[in-house]
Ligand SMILES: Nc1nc2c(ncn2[C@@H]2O[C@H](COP(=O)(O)OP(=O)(O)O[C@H]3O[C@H](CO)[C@@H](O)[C@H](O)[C@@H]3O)[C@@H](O)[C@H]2O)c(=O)[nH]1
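Here we start with a single chain on its own, the form predicted alone, put down as structure tokens.
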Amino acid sequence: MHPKAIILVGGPSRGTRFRPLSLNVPKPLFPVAGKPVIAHHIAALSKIEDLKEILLIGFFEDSVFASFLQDAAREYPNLHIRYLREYQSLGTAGGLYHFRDEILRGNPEQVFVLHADVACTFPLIAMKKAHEGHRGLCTILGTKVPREAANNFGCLVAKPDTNEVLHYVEKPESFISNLISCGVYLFDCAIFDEIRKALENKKGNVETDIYGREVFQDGNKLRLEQDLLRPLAQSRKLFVYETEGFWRQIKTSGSAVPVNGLYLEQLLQTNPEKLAKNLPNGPEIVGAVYIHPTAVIDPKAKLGPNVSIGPNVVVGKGTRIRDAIILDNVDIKQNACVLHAIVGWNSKIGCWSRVEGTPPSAHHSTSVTKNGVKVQSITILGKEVGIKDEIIIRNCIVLPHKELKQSCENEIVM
């Protein structure tokens, strides 16, 4: 019996904090470290023995993932990767239950469920081994975060000797624990009985279609974290496996920059041949840098650490780039400087200009503004933004198709 895997990709009504980047590409397909976000999930899942099928579940149009699925099929010929579209947003557990027949086809023994908006080392093989060592229905991947950030996530209280979860609270108002859910789960297939129980608790919120299947009414969702994990903890069927590797959530557009750096550092340790190297007639490379083969980089440029350069990018002489993602078809003129920033597709940065953010001051921050004031420190340029020569853009979010002729700081440029 083979395990299966589910990646929950959400839909177009989500990702508002990822704007302006999500105006042009859905967050699950945004490139970090040279690959779409969910390609890192699939790479980790591909290493699990006997796993043959990965299902993407969400409510984007089918066409959104068509090209990605074709590329994934070529890269992983032994994996069957499909997209299942919800008829509306059903919630993280509602989508699983709606497609239960497809998930259970072939009688899998276990099902991995991964949220698309997380980035981590994905220790799935070790997690599976830990799951098989207890008698619970679910193993949840956990990590520890600073105490002041814990209330932004689902918090776990677990027995230190057995890792049995005694208590689970989603985004508690007061401090519960700094051990949190990573949004990665391994379920026995008996979990669908538990989802059914949760559904019955919401029976007034569902209808039955002509085939006798439950159909969710508009506005009512069955949520994995709120409606399922807490009852599992109460019935002593939930366990945690704590990861020792990195973990970050990808909520805001600015959060893609530290995630990019974490994946690049991982590549530097595991597959350094995929990263740029210092060559006699090439640019200066510092630390982990990914350069697409079609990019043109002047030998007098300096890149890194933690830089990803996309297809058809042109980087001029004397340019300095670090802690940045440069997307497709960007033209950066000579002596420009790009620090702690994302430069959107087809954008142009003039000579001697600076596009500069500052390193995020608080780990795991998910807010773009506070009290009406921008707090994100990463600078984001949307698609087709033009920056004239000798202009400084600092700590700004610039919406697509803008041409900036004067310097600005700490703004959302409308």
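Each residue number is its position in the shown sequence, starting from 1. Note that the coordinates shown come from a computational prediction; the quantities given were computed from them, not determined experimentally.
Not on display, but discussed next: the form predicted in complex with this ligand.
- The stretch that touches this ligand in the predicted complex, counting heavy atoms within 4.5 Å, is 109 to 117, out of 187 to 195, 312 to 320, 109 to 117, 273 to 281.
- Among Pro258, Gly183, Gly136, Gly344, the residue placing a heavy atom within 4.5 Å of this ligand in the predicted complex is Gly183.
- This chain appears without its partner; in the predicted complex, the one residue of Gly154, Gly254, Gly304, Gly142 with a heavy atom within 4.5 Å of this ligand is Gly154.
- Heavy atoms of Gly58 reach within 4.5 Å of this ligand in the predicted complex, making it an interface residue.
- Although the partner is absent here, Glu170 is a contact residue: one of its heavy atoms lies within 4.5 angstroms of this ligand in the predicted complex.
- Leu90 belongs to the set of residues with a heavy atom inside 4.5 Å of this ligand in the predicted complex.
- Mapping the unseen interface onto this chain, Trp247 counts among the residues with a heavy atom inside 4.5 Å of this ligand in the predicted complex.
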